[in-house]
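Presented as structure tokens, the chain that follows is alone, the form predicted on its own.
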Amino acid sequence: MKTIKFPKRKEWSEILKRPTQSLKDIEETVNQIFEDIKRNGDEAVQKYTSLFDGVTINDLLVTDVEFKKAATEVSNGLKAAIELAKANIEKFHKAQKTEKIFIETTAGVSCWQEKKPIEKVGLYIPGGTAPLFSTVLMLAIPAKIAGCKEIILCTPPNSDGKIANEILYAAELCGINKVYKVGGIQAIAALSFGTDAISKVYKIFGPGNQYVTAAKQIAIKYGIAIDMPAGPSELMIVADNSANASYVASDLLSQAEHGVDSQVILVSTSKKIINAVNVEVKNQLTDLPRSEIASQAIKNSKSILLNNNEEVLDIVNEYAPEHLIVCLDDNDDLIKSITNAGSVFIGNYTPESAGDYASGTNHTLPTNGYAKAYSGVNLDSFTKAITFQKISKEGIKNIGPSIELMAEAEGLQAHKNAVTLRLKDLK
């Protein structure tokens, strides 16, 4: 990891650049695939699956036989681990349920808000170099708790045209039976337009590479909602001499192994901890099965030495990391002032991996600085709030004159008339 010492604030934006292509760089490719799938449906989906995944898929839908076989291939130990994670994720997301909000704003004027599930949702599960069955839990569980009626899961097949056993086991455990062997841009396009095999949805969820992220953003043009822009993984760690250097290095590498376009950043006011972590990264890297991928990501990553904790806080909020680990002698001061982060992990014994798998929080989070404006996936992501109002005779008498005056001031006579007619009848 490259160490940058005491950079000036005007240099921060350049230092903090993500190693990703802009939407403009890949938008043309995404648009071409979207148009093809809009016109040619499943035929185009199969064509791009063959082109990008190197496999021909005749039947996109996973069969009951494939579900049953997958369940027998997953070890009992892993099944128990997945079930534990499922239980914790369910607890945390069920706790996010809110009751109907009801209030009488003026005598005779009743207003309330109710949460309703989004009826049709599409879940995208990355499956390239690492089939992320944990993401099945993170998306399917809140979708089920919210009460979504139709839940469709898309994930890329491997070179044998199959879906990872763990993904199928997790999907079935969560009650998802519509699983399709399709990934990448073609999956997002199919969910956006609908094909003979794959139903159109109202909202698409899930992380992915730069192309999947771009496809989700382009899906918005066609009236499809998305959870957030969630692209290549990223992690920022704030540490001082109270941090365990080997733990910090392991956390950095845990995100670096996601993909060559991942980015990890260490920020500290201590040269000692930066040096110790850099040594640990080199030592641990050689033992990783995915060391080649992690090594490429590390090249895009940095250790930043700053003057004081004020600068540390400012650079965190400027970067707005997907994942933020805070490991300081006094964590509280920094934690209470963080405004931009997807998910925060506090202390020596809170690895980012816990949030990825089993603590209960959701790991589908905004990347590329979008944590400045977006939340991670939560129960509300799968619902929409509908407001209601009911006004009695007394109520329209109380607020009617104000409505008349406001409508007239805006030059909207019909708006005023809608109230005036009622008030006349009540005289």
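For every residue, the number given is its place in the sequence shown, counted from 1. Keep in mind the model is a prediction, meaning the values are calculated, not measured. The term rigid core refers to the maximal set of C-alpha atoms that superpose within 1.5 Å between the two forms.
Keep in mind that the form predicted together with a further copy of the same chain is missing from the display, and what follows is about it.
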Students should find that, of Ile26, Ala44, Ile57, Ile396, the residue having a non-hydrogen atom no more than 4.5 angstroms from a further copy of the same chain in the predicted complex is Ile396
The one residue among Ala276, Ala354, Val260, Leu305 placing a heavy atom within 4.5 Å of a further copy of the same chain in the predicted complex is Ala354
Exercise. Does the trio Asn88, Ile118 and Phe345 actually contact a further copy of the same chain in the predicted complex, every residue with a heavy atom within 4.5 Å?
Worked result: yes
Is there a heavy atom of Asn241 lying 4.5 Å or less from a heavy atom of a further copy of the same chain in the predicted complex?
no
Q: Flag Thr63 as yes or no: does it have a non-hydrogen atom within 4.5 angstroms of any non-hydrogen atom of a further copy of the same chain in the predicted complex?
A: no
Subject >> a further copy of the same chain contact in the predicted complex: Lys271, any heavy atom under 4.5 Å >> reply: no
Would you please decide whether Lys384 lies within 4.5 angstroms of a further copy of the same chain in the predicted complex, comparing each non-hydrogen atom pair? yes
In contact with a further copy of the same chain in the predicted complex (heavy atoms, 4.5 Å), from 150 to 158, 132 to 140, 189 to 197, 176 to 184, is stretch 132 to 140
Contact check, 281 to 298 vs a further copy of the same chain in the predicted complex, heavy atom within 4.5 Å, ordered by sequence, gives Gln284, Leu288, Pro289, Arg290
Review point. Is there a C-alpha shift of 2 Å or more at Thr213 between the shown form and the other one once the rigid core is superposed?
Key: yes
